Structures are given as structure tokens and as C-alpha cells.
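Have a look below at one chain only, the form predicted on its own, in C-alpha cells format.
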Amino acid sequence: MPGKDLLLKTAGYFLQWRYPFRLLKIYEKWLAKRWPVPNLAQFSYTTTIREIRELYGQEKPVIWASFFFPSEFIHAASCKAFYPEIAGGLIAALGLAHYPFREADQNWFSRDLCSYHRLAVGMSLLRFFPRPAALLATTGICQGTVGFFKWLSLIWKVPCYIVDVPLQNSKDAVLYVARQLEEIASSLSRRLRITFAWEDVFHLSRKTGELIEELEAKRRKKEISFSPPTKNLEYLPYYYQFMGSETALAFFEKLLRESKGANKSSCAGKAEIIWLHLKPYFINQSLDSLLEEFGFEVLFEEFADVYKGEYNVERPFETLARKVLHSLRFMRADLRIKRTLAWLKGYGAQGVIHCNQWGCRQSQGMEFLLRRSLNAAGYPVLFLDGDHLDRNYFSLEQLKTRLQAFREMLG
């Protein structure tokens, strides 16, 4: 429709107009007076407003990164981190995904592509995402990410740096990845005139990691549960995009403090599970309603498994290389199976739900290996087919039937 196309292009033009977004600072000051000690929900809201101002206001260079590129690299350069795959979940949750999907379709991007990538391409073609100064990506955990980011580079006409991730986690692999990160830092320093300062960023990541470990310990003891059951998957920006910033530290402090008031006395009567992959964000309430209706309790989520190793200021690139190689746990079937079994035992879970994503060959390719290994260990596993962002590839009735059958199996 020509009228709608014109409206979308006009909206994209204004979204790249930085100065009006900087006025949001007035609103932020008003919010700070209204909520001098914000609770978790108020903190998340004010963080969102500040992010919109800083990303679209372009007060600092905005650097986009793929899911497993360490955010500390960007924060250490005093740049704004933006993760288009994470932002895709928010766009879908807001019910706006059909606009970028339509734009991607009209520009001949295959519907067989991962919808996280297809949505980000559409948002970029519409100029709805904040303009990047550079793009950073790794080949772990998905080779599709490489082509996706190279396309983004052509759309936005900015440099794209790809880190090649080997399949082995060894000393040589750490040095190989570290050298690439150092070369990228050197290139960005010249291009964007930035410098890297690691001490504060690594300190914040270390402290945040300690809070995450405390949260996990409480979940293992059944002292904390999330409601709705997959709520923790909505906190991904704090696990990834904000790691190494004051924002992540403050968020997990509040999450721990407020969760203490929601202690769980017993899981009696519920089916306790480990959740693999992400979830459908566009039908979030419906999915969670079904999980609650059938009595499922999510004890841990695969994507909450973030790097908790050493942060060495003297060797920053080797530190971040180890964090990059941590993604092998998602990429290699043997490591993925091993850690899933460890979670099942450590959390005392009864089984696994793996929420497939349309076009995600990485996880679908190891489905049989996962099923065989988990079943051999005595754990049932349910693979839910569908899409996390595109409702055209998801059947709510099929989801209901399969969840009900799995719940009956678990007893």
C-alpha cells in the first residue's frame, strides 16, 4: 500500500533525527524525582527510556553486536552497545514485528531465514533501528550470523568485524580469538577515535557475575521462582547487552532483593523443568498461561548460562576471548548435552523443554543427539516447533496439545 509505505519511510526518517530524542532527558529527571528509589519494574522502565535517548540520540558511537559478542568490549570503549537480535524480542512483544517482516519480504529475504535476523534486516531497511558506527559479530554459535551482519554492513554502509571462533577451547584457541579482538580494538580506535579502559568494566562484570551466581544458588534451593515461568528470558539484555555496566549490577541487586520477598515454599505438584533455547515473545502471555495451567515450573534457562570466569585487567583480550569461547557450550552438541545433564541433576529437574526456532539449524541439527542422550539418562525432553518472533510459524493449539501430553508424561 503506497500510503503505508510512505508513512513507514517518514517514520524511519524521523527516527534517525537525533536531537528530539535527547529531550527525553527532561522526562528522565522527572522520573527520578517521582521514583527516587525505583523498584525493579520502575528501574526497567527508566532504563528503557534512557536507552532510547542514548541510542537514537547518538550521544556516543553506537556499536551493534551479535548475541555472544562480549558487551564489555563495547562498554570499555565508552560506546553504546546494541544487540539487534535481543531488540527483536522486544519488537515482537510490542506487536510490531509484521512491519519489518513485510519489508524484508518485499526485498526478497527468504522466509526460511532465522526470524531474529529477518526482523533486524527489515528494521534496518526501514531505518527503525539506531544508526550503527560499526558492527561486531562472532561465528559462534551460528554461521547465519556472519551473512546477517555482512548484509547489515551493506545496508548501513559501516564496517563489520567478524571474529572467527574455533571449535576447540584450548590455550591456542584463546590466543587466536584474543589476537582478533585486539586487532578489532586497534582498528576501531583509529576509525572512531576511541580508547579502551578495562578496569571499571571488568569490576562491574565480576560483581554482577557474583550476584548471578547467588541468584542461581537460590533457585537451586527453590528459594526463588519466577512468575510467569519464563520471565527470566525477558531479562536477557541484563545478562548480555548491559554486562559490564552499572545497569546490570543495579538490576541484579534489585532482582535478588525483590525476589527474596517471593520465596517459594514448595514445588509440590509441579513439573520442574530446564528450558533450552529462547521462547516465543509474541505470545508470551499465552505460553506462560499454558505453562501455569499445566503446572510447569522452569528452574533454569539455557540462555542464563553466562560467562563467570576470571576478568583479568592485565590481559583483557584473553579474558574476552575466554568469554567468546564460552559460547561453544551452545554450539557443540557434546558440551550442550553435558551441561544440560548437569543442570538437570543440580536443580533436581524432571525433564527438558526445548523451544525450537524456525530457521535455527544450529539447535535443530543436534535435536536427535540431545533427545537420545537425555532419554538415555532417564530424562524426557519435549521439542516445541515454531518461531519466537513470527506468529505465522506458530500454532497455539499444537503448543497446548504437546504441553499437555508432556505434562501427563512427567506425572
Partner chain sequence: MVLGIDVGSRTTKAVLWDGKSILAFRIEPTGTNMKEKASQMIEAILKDCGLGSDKVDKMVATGYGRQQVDAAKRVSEISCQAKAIHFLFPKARTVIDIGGQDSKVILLGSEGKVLDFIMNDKCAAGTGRFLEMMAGVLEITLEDYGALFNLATEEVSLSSTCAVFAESELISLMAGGKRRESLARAVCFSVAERTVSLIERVGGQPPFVFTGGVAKNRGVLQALEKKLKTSLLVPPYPQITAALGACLLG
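Just so it is clear, the structure is predicted and the values come from calculations on it, not from any experiment. Residue numbers count along the first chain shown, from 1.
There is another form of this protein, the form predicted in complex with the partner chain, and it is not shown here; the text below is about that form.
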(request) Tell me, please, which stretch of 363-371, 341-349, 38-46, 62-70 lies within 4.5 angstroms of the partner chain in the model of the complex when heavy atoms are compared? (result) 363-371
(message) Residue-level contact is defined here as any heavy atom of the residue lying within 4.5 Å of the partner chain in the model of the complex; does Gln16 satisfy this criterion?
(response) no
(message) Residue-level question: is Asp385 within 4.5 Å of the partner chain in the model of the complex, judged on heavy atoms?
(response) yes
(message) Can you tell me whether Met409 touches the partner chain? I mean in the model of the complex, with a 4.5 angstroms heavy atom cut-off.
(response) yes
(request) Determine whether any heavy atom of Glu213 comes within 4.5 Å of a heavy atom of the partner chain in the model of the complex, and answer yes or no. (result) no
(message) Is it true that Glu293, Glu397 and Arg402, all three, sit within 4.5 Å of the partner chain in the model of the complex, judged by heavy atoms?
(response) yes
